[in-house]
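Only one chain is included here, represented as structure tokens and corresponding to the form predicted on its own.
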């Protein structure tokens, strides 16, 4: 049990690795952020200090500390200062604003994420997923990383802004990759030196941001000129007060930043969670078989509907376990607005506090077998007890991701639909690697071969049948059409 305040006060920051002059611990951190953080926890325990340049960051690796920052004292910690807003960030979005502005603007768009409203998005999710899968065929090799990004981007555009991005998916996907798919340069990090040219990381991000800005501001102008009343998030934002001055509506800049935040966070994290889930299922056939057995039992070969979601408990466990091992949001920070104490250590206002889902989700003392992909640990009756603050893929407290209900529903529907129709098989030599930027992306795109889903009692026969020449496969399909339809569980949503 953590004692948040004690009589004994330590005036210095927690121990950590010795920093180098000027650069601090930056090089070691950049070389392998995920491994470095785990090594810090193993070496220094529940709290440690790391220097990025001359700036100290205090990492907290204990569930009680996570609760203290995110849940118990959220107003004592802010987000704006930790994010260092610039031209490449949405400085007025929900992820960065604080205080009354955050509370009022979050309340204004909250209706878009209420239970019944989110459930109304199910038809769009299922329709767009069916559209995406209509171009998939047994034996094809698909880029699941790109496919999931395009699918979730199209879904978020339609559900939240009543826009179909179908014709722009490739261009938008590339723009988002340029915006958030690379690390800040060393000069950016050390000296806040931002050089706008095509060869610097900052310049590339800024160029992508300009493309996105043009699209978003055009959308805002078009919507303002419309006389049609729409009940979507953009319409809500156009009539929302900014929370700082009574009667003052949001500016175009504030609306722009909200739209960018919702689109970026809304599609990126879900796409990444799905990609890692497909990878894990391919690596663990026994888990995949359990998931598909649940789909056979619940659906009986018919199309998935919203009413089925609550019955797909094992599917839900798979997603929970995937986000434990590979949390899309792997790190988050807060800025202390006032002094605070944790277990006798005194921290001054202005301390930058960092929390890492990657580390917390893999602590042996909490999870026992943290590296094992075991969805059964989420069984409420027989699974392990997870303390509050140990698992927080969507954050926690009043700043919990507002889109969490939509992301969870979207992930369940997409995963179940894909796995009912296909077995995505990842090559045996595939090594995903990690690209931990804003989100935990794989370093190498996940490409998988689409295999048929085995019938309940015919797995070995199916496995033999798929290893044939294209000509032989065509002949078999012509001669065994009924069996083929059973294997693939074809359906229209």
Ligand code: HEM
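Positions refer to the first chain, counted from 1. Since we're looking at a predicted model, the values are computed, not measured.
Another form, the form predicted in complex with ligand HEM, is not on view; read the next lines as being about it.
Contact check for residue 394: a heavy atom falls within 4.5 Å of ligand HEM in the predicted complex. In the predicted complex, ligand HEM sits beyond 4.5 Å of every heavy atom of residue 157. Proximity of residue 253 to ligand HEM in the predicted complex: non-hydrogen atoms within 4.5 Å are absent; the residue sits far from the partner. Proximity of residue 117 to ligand HEM in the predicted complex: non-hydrogen atoms within 4.5 Å are absent; the residue sits far from the partner. Proximity to ligand HEM in the predicted complex, defined as a heavy atom within 4.5 Å, singles out one entry of 389, 266, 275, 375, which is 266.
A heavy atom within 4.5 Å of ligand HEM in the predicted complex is found for one listed residue only; from 176, 113, 335, 165, this is 113. Taken together, 13, 41 and 362 are entirely out of contact with ligand HEM in the predicted complex: none brings a heavy atom within 4.5 Å. Residues placing heavy atoms within 4.5 Å of ligand HEM in the predicted complex fall in a single listed stretch, namely 257-265, out of 138-146, 257-265, 234-242, 299-307. In the predicted complex, 400, 401, 402, 403, 406, 407 are the residues of 400-420 with at least one heavy atom within 4.5 Å of ligand HEM, listed from first to last.
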